[in-house]
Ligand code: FAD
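Listed next as structure tokens is one chain, alone, in the form predicted on its own.
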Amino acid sequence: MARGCSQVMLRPRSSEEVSRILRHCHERNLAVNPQGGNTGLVGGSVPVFDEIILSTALMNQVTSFDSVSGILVCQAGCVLEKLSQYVQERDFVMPLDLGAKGSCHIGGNVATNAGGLRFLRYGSLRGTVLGLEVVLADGTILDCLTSLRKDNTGYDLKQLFIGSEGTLGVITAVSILCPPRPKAVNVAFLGCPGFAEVLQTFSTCKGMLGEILSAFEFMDAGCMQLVQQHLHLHNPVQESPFYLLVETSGSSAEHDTEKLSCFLEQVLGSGLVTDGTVAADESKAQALWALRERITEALSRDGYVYKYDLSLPVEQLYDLVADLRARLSSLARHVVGYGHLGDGNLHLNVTAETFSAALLDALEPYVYAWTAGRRGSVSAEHGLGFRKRDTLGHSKPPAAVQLMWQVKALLDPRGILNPYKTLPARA
């Protein structure tokens, strides 16, 4: 966990107040650390050297919601879970869902281009965010808060700020497209004998469930052991090397249940899956999801955790886990893998009794070089922040990194916005 401190925290309520703060700081060359719900895992929202914290916590108002188009406009400090409740009452859902939804802010989600559990169905925030209001380093308010689905005029400037982790501007408001709330949701939990069968099950799943497939999550036996040991959760299927959580969302319960039944019959009959269960009600569905969503909590109780958020070709997604188990041997307590198989995102976690410099040296830069060798990404959805900014070169060529620095210099020439984050230290 990244830690920092500051003598000053400012909590504006509007973009105009943010503008005045940044104008003041820009004129006096004062560094600013934008902060939302502070739920990030790479230190992106934590001050490094006593930067002024600019919190969006009081910017928590919904501006408008169109019940025909499903377009929500709100301030950046709105908590994701509260937005989810707001739109669900109007028969819509937010296009992203995260384990930290109870405290993370929508502005922080956009600033880090958060992925989460609904990525497979609804895609990236780069597609669902329609417009942004951003305050630049000198206090200029950039109002690109459009609610249009199509706008092909000039450069799409909002994309500069999505995933920029507060280094180019402070997001103060968001316009986002919310899909209709599914009328029928099914959750199945399955056991698989090997990762080859996991991949074949995924291929079968895409072919047979198609448009109603909304989540395809995987976890290994090590993850199951940890949630059982530390959280006392129940494994609803027989012990297996791998487990899958499959969710469908659609408009017809009868239609979706029939498709899911045909899929389960196929994978069980072919031996791809050895055991499975389907949630009969919402409480069981939540219990099945808890097995996947609470892995992070179980890991935190297992000792010191080294976390890696990687994007890899799906067919090679688990190879690194097996590789590291052999490489680390007795240095590590557990080496486990889980994640969003549907979008090629591996959450690799290594635990030890306490922090070990020898273990860290065995992990880094080996994990990043291994990922780069498969043309993967060293950050699938968590961002780079402070802790991983120097790994950018493993995923982006020098020319791209240089161009990023030029964009930073253009929008924040004095370097006051979230310094020491995202971009690597210059020689």
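What you see is a predicted model; the values in this text were computed from it and never measured. For every residue, the number given is its place in the sequence shown, counted from 1.
Same protein, other form: the form predicted together with flavin-adenine dinucleotide, not shown, and the subject of what follows.
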{"query": "Triple contact flag N33, A76 and V170 to flavin-adenine dinucleotide in the model of the complex, non-hydrogen atom at 4.5 angstroms", "finding": "yes"}
{"query": "G40: touches flavin-adenine dinucleotide in the model of the complex, heavy atom cutoff 4.5 angstroms", "finding": "yes"}
{"query": "Non-hydrogen atom contact K388 with flavin-adenine dinucleotide in the model of the complex at 4.5 angstroms", "finding": "no"}
{"query": "Heavy atom of P182 within 4.5 Å of flavin-adenine dinucleotide in the model of the complex", "finding": "no"}
{"query": "G115: touches flavin-adenine dinucleotide in the model of the complex, heavy atom cutoff 4.5 angstroms", "finding": "yes"}
{"query": "Answer range among 269-277, 247-255, 115-123, 186-194 for contact with flavin-adenine dinucleotide, defined in the model of the complex as heavy atoms within 4.5 Å", "finding": "115-123"}
{"query": "Single option in S356, N235, Q316, T296 placed near flavin-adenine dinucleotide in the model of the complex, where near means a heavy atom within 4.5 Å", "finding": "T296"}
{"query": "L83, V336, L98, L226 - the one with a heavy atom within 4.5 Å of flavin-adenine dinucleotide in the model of the complex", "finding": "L98"}
{"query": "Within 76-112, the residues that have a heavy atom no more than 4.5 Å from flavin-adenine dinucleotide in the model of the complex", "finding": "A76, L98, G99, A100, C104, H105, G107, G108, N109, A111, T112"}
